[in-house]
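Shown next as structure tokens: one chain only, the form predicted on its own.
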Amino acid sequence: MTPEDFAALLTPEGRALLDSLRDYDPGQELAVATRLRREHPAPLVSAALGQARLRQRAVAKFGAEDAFRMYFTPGGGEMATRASVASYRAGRLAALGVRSVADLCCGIGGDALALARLGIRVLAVDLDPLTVAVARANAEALGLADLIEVREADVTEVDASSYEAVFIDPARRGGRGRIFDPESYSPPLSWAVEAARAAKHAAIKIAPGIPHEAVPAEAEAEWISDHGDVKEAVLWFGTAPGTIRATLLPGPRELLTADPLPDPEAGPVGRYLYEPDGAVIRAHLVAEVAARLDGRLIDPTIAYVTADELRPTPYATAYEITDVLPFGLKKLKALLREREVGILTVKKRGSAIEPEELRKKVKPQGPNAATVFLTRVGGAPSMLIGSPATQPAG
């Protein structure tokens, strides 16, 4: 989509066409396109159908109310921050007293929108002309244009000194997909860190797989999950240097420390198995969860915590374990058949077997449900069979 194609979508004809496609079925695209081209220019119809598809995909991130008013680029919707995460982060900045933010590498404007909804004035900067046009259109579509200035510029040349905070979201995708080297981000992480150091408050959005040793000493490192899915990590400046934080949404539920505990000891599998949230694992705070549960690891290299008692925790999902067996497909298949298990949830950690591969081989049948963990116990390939446990209140 070119800037010219996008501009056509903002005309009265383009807006009306987009509104008519809110509930269209992509499986019927050829028939819909043929019908619409009788009344509208072909390039406009193509742009509208593409935008309608992007809006439908964006509902999961932004909710239907916003997604069907917003505009997206093909890659912008994928890279944009989920609305729940952006709102949480904007709330942290507002709690710091921040009233103006320079949003560098703003993309389609998801974070700028969350900030503006809290009354924060935003300078949103991006280098790509189409992305800038989309971000500007989103600010207008959601009634936030008075608080958001969208500027086309190279972020490395923008003077953000008049803003109380900077938020930097470097591009982490290239022509070949995801970029894992922080110095290959655009702009590089080293530039983002220097820009953050120059600000009173700053937040840098990074990939959750960043090595802990790459975190600057003066930064707070936060890993965020939403409904159990790890979404991102954030380096905070001007908050709590050296703090490690795992934040679970919705909530938020926060587990943090500036003095991480040593890895817990490993021991035999108890009655209950706890699967820590991904943000807890990424933040290397499994030991803190184990201490709260009076638990231990099932293996020194595996992030499963086991305990003999069921205790409440928002930071892990609990399972009651009925069987601990050496790994063996034949034995597992016989056990599942004996218990008439047809609904099988397969989880793995430290195993090369893929869940779908296992299901095909054991062919579960029956009315009952079970969960099998493919993992290691004390270094040995093992299978743990159980079911979700209802955690006590507390």
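This structure is a prediction, so every number in the text was calculated from the model and none was measured. From 1 onward, residues are counted along the sequence shown.
The form predicted together with a small molecule is left out here; the points below concern that form.
Cys105 is the sole member of Val193, Ile148, Cys105, Ala316 with a non-hydrogen atom lying within 4.5 angstroms of the small molecule in the model of the complex. Comment: the small molecule is not present in this chain, but in the model of the complex one of Thr257, Ser100, Thr239, Ser186 has a heavy atom within 4.5 Å of it, namely Ser186. Within 4.5 Å of any heavy atom of the small molecule in the model of the complex lies no heavy atom of Glu265. Residue contact check for Glu288: none of its heavy atoms lie within 4.5 Å of the small molecule in the model of the complex. Although the partner is absent here, Asp277 is not a contact residue: none of its heavy atoms lies within 4.5 angstroms of the small molecule in the model of the complex. Contact between Ala207 and the small molecule in the model of the complex is not found at the 4.5 Å heavy atom cutoff.
The chain is drawn here without the small molecule; in the model of the complex, the stretch among 297-305, 269-277, 124-132, 242-250 whose residues come within 4.5 Å of it by any heavy atom is 124-132.
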